[in-house]
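Taking the form predicted alone, here's one chain by itself in structure tokens.
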Amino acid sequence: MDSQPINQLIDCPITIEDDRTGTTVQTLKRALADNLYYLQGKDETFATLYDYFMALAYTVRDRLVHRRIKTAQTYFDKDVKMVYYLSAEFLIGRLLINNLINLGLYEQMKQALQESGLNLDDLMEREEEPGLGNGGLGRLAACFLDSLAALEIPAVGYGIRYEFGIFDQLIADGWQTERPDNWLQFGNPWEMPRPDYTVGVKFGGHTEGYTDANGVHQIRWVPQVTVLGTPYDTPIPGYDNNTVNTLRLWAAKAGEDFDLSTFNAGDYTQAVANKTFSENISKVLYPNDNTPQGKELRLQQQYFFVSCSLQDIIRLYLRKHDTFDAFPEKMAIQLNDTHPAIGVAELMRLLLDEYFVPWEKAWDITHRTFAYTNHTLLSEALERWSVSLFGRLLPRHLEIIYEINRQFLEEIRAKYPGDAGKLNRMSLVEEGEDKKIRMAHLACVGSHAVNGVAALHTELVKKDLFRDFYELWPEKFQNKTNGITPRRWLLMSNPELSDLISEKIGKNWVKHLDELKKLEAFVDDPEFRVRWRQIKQSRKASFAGYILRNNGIEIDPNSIFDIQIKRIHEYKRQLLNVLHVIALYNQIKDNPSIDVVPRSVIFGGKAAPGYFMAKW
């Protein structure tokens, strides 16, 4: 993602202290009252805590919108290079407190609410969490969006607006059970629908050749069905600056919701069949892929949001440019794992079939535009799609992938003559009774950069997982160690500890986490250590109270809290942790008088609905 920050270019002067943009306590109080009355349609007599939360969220959003419009105008005027981050998941978490902190409004808003007889903590609990991800990959995407805005790097995140997010988890008889996560049931105050940017996405059908007006042979895709993608924008503010970037999520809609003639003929189910098919695409985060139908829906989801996003990216590019010559210099597209890897074939299709760019030029543009992040070292976990499924859903893309593969294998034959094993290992098509398209190989071949997410991970990617590709293109492979945003995971999560840190070393650590090393100067400071322990102990007591209220389990706040929260797998570190717990337990049973420090072991996480071994 090699784009440069727009340092201090975005100027958002507020000349009028009005209810939409003002930041004083009195103005915020007036804005809260207005939004409660005019947007929620309530007054103090009938308003619920949820109404007050919505009024608060709209008050914060007004201040985001002003900066978002100025940011977009700056990007357009300066014709900057943009980063487009394509991810099937964005686990963004609750946005209220994060937005208040990044806007620098936390203290003013807290005071405004107190003077209005309201409590910020109570209202914060009324916010639904957008469950648009499963775990690390989705949280990484969210942290990247936060960091891009904090660094003032022009960026847009693209994904799917899942109507139902990651499921609500229940534990029954020791087993995980799932319940739908209807996070949109009361609406989402942060998003803004953009129906004017709706695009069409094709599925199925067939391809046919034709000769254009210039006598050039072209390919036309005649789809079986076209699904509409409507974008919803969520503003992503940078910390302590005027930059507000965008997360654009796509919702699937039918081209024609209702077939009146079929309905009048008495076939009520078929009359809405197209609507049902279309809306299923953005209905649920990651459908269970243990069935053929589930696999097909996953591929539909991936292609849907990638096609919507690339059409949108091209639209944005063509506002300033008449040709695609500068596309790679102005558009950087990052693939977050293999879920959006179909983008390589889709950008080729759009350039070839919609804009009539010759193959060689289209491939050069595509290759220089994309970069790919790998998240898994397990070869068997890399996405592979059946050729038969691919051909049925995306016939034009299958043709394009075959041609990419043909030219790529010619290059391999020339460089490694007679090495049939290398050809077989590197091919984009996995041979066998059921041929499959290797999406990770497509991403490697179609990108100018490939990265792992930790130093060791990247070394294993180079030496093991993609060894053949690394030998061919060593300059492509690089490391980008995963990080987290300190705004959410320290500043927001533990304000008391954050205040102590800032008191001692200043606030620069919020943007530059390496500055926390300055705390080493206070290691031997008795007063600092006492305050540090008091804050940590207070947080532990608060967490113990939460567990007692919600789980009915009493734990000792003075014990060691051994906490592990991540997606549940049958083979990962949770299993090692459980074995450690068993070992500690057996030690105590064998020697009851052993001197041990009390320990509370706390697990959190969800297993995929179809992952039966992990659900137990």
Partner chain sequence: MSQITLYHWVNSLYPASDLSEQISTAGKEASGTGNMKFALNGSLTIGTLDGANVEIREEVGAENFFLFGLTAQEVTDLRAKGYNPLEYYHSNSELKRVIDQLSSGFFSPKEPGLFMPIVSSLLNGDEYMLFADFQSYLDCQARAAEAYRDQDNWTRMSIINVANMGKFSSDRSISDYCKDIWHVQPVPIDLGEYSQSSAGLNVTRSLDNVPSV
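Treat the numbers as computed from the prediction; the structure is a model and nothing was measured. Numbering follows the first chain given and starts at 1.
One more form of this protein exists, namely the form predicted in complex with its partner chain; it is left out here, but the text below deals with it.
A heavy atom within 4.5 Å of its partner chain in the predicted complex is found for exactly one of 249, 308, 437, 501: 501. Checked against its partner chain in the predicted complex, the candidates 154, 340, 238, 235 yield a single residue with a heavy atom inside 4.5 Å, and that residue is 154. With its partner chain left out of view, the stretch that reaches within 4.5 Å of it through heavy atoms in the predicted complex is, among 109 to 117, 526 to 534, 401 to 409, 386 to 394, 526 to 534. Heavy atoms of residue 286 never reach within 4.5 Å of its partner chain in the predicted complex, leaving it off the interface.
Contact annotation for residue 188: none of its heavy atoms lies within 4.5 Å of its partner chain in the predicted complex.
Of the heavy atoms in residue 381, none are within 4.5 Å of its partner chain in the predicted complex. Using a 4.5 Å cutoff between non-hydrogen atoms, residue 506 does not count as a contact of its partner chain in the predicted complex. Contacts between stretch 398 to 428 and its partner chain, counted in the predicted complex as any heavy atom lying within 4.5 Å, involve no residue at all.
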